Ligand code: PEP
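Listed next as structure tokens is one chain, alone, in the form predicted alone.
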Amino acid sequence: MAEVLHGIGVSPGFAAGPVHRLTPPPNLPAPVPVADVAAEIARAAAALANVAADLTRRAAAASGPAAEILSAQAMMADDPVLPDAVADAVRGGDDAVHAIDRALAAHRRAFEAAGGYLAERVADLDDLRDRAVAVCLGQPMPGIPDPGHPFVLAARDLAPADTAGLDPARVLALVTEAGGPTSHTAIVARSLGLPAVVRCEGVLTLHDGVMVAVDGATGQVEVDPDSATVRERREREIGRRAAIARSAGPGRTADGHAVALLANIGSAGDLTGEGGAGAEGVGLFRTELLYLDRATAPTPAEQVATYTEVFAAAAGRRTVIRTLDAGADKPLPFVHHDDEPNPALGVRGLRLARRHPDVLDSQLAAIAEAARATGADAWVMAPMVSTAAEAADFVGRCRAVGLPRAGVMVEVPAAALRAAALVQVVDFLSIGTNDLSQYTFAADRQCGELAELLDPWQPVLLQLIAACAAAGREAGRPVGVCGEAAADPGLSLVLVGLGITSLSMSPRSIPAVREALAAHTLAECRALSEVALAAPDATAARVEVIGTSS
């Protein structure tokens, strides 16, 4: 019997081929004395500039989530604070290689201490270090191997530059030992339609060239699989992909129950790219990308222009805009923040309006102006809402500027448990499964060891989602899911069975979800949701539902 490795499936699909491991980062050599401080500082600065330029080029050539991830990393490499820290280390006696390592290690500790969004960027800093060190040593940058044939890529984890450079014609599937459901690997794999499994212990012990079969739905990786089984699974996968390629129209179950399939976007361009045209609207427009990495707040005119562009790209379709999701864990230079002992539990999202109401009011006014000018179907929602009082205050602010549809995100257990009270004051709920998982299980999204707790198939998480859906159904309010959990075709059946009325995901993921829904009746979805709720854990829920629905 073939050996089977188990992980978390984060991007559905099947692929089989020889496994090849990611090219490892360079080892740090022994320190050397610095004879010319100025020359050594210049050597280190040139390496950082080289890496920043390379990442910028890659970002320009990429699109969608990959472009956003790479652009954020390029900004880190271009941060003027970094070469200053490296220069200080050289003056302290480090050679260029060790000065880069020391400076980025300090940045890494600061990011880890900040928690939240910044802690999630730690892997980006590690990749910057590895690339700059490789340039300093005159070695190839770490990255994707090129064995000359299609292969399954195995790695401890994948850095943004690695995921952004993936070619689906060469890379058949992704398997990592680290990572989690919200990692770069998961996000980019879904956007490219590549099968992917994370937290797969033992995959790096396999020798390059060993045949593996990867199931991105169940999270199973079979070593030396039976050739007949592989042929049969490949034929099924070809059929699945053909059906996805033909997929079109609104989201519906086999018996006609409507489920709106919406897109998560960071810019108007995401709606014009692959998959965007097939979305029934926007379920999540992340407005924080307009605010981050700026020394000053965007002007009202800049905001109106951005929202107008998004509304125009949506062309009359529902467009759900999330107000600024920033705060202590996504610091803004133009907003003062007090030191917080635990930023993930601090002043972020809607809570920022307590200190800076003008930031929220300015944003809402700009959204309203753009909506009036375009006749857009604008829905606005606030992040990090915990109480009905907070929700009511937000709705009042929206009404004051003429925005007719105001809702809130359910990201903390308090909001889920009081969903019945929330739907009395808002027009809709949108469940952010990533943060709701993190806060429900007290499990930091950055801690790889706890990735199984953040698996969106966790029955306890599904129980909270079910409570929100029930509250919405009772009050006649729509309840959607805008976390990437919605992109999982198997889980989408469960969510619809629980009573979710819309699913929002990366545009590329929509056709697969549409086809999964079209193959099942609402009654079947409800039965599958009962199976998932009764399961003892996430792994059992996934395996039992997928086994039942396939």
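Don't overthink the numbering: it's just position in the shown sequence, from 1. Remember, it's a predicted structure, so these values are computed and weren't measured experimentally.
Another form exists, predicted together with this ligand; not displayed. Remarks below refer to it.
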message = So this ligand isn't shown here. In the predicted complex, which residue out of Arg322, Arg190, Arg129, His184 has a non-hydrogen atom within 4.5 Å of it?
response = Arg322
key: in the predicted complex, the one of Leu70, Ala512, Ala47, Cys482 near this ligand [non-hydrogen atom within 4.5 angstroms]   = Cys482
message = Even though the partner isn't displayed, in the predicted complex is His356 close enough to this ligand, meaning a heavy atom within 4.5 Å?
response = no
message = Does any part of Glu411 reach within 4.5 Å of this ligand in the predicted complex? Heavy atoms only, please.
response = yes
ask   = Wondering, does Asp435 line up within 4.5 Å of this ligand in the predicted complex on heavy atoms?
value = yes
query = Does Leu284 reach this ligand in the predicted complex, with heavy atoms at most 4.5 Å apart?
reply = yes
query = Which single stretch, out of 51 to 59, 482 to 490, 27 to 35, 512 to 520, brings residue heavy atoms within 4.5 Å of this ligand in the predicted complex?
reply = 482 to 490
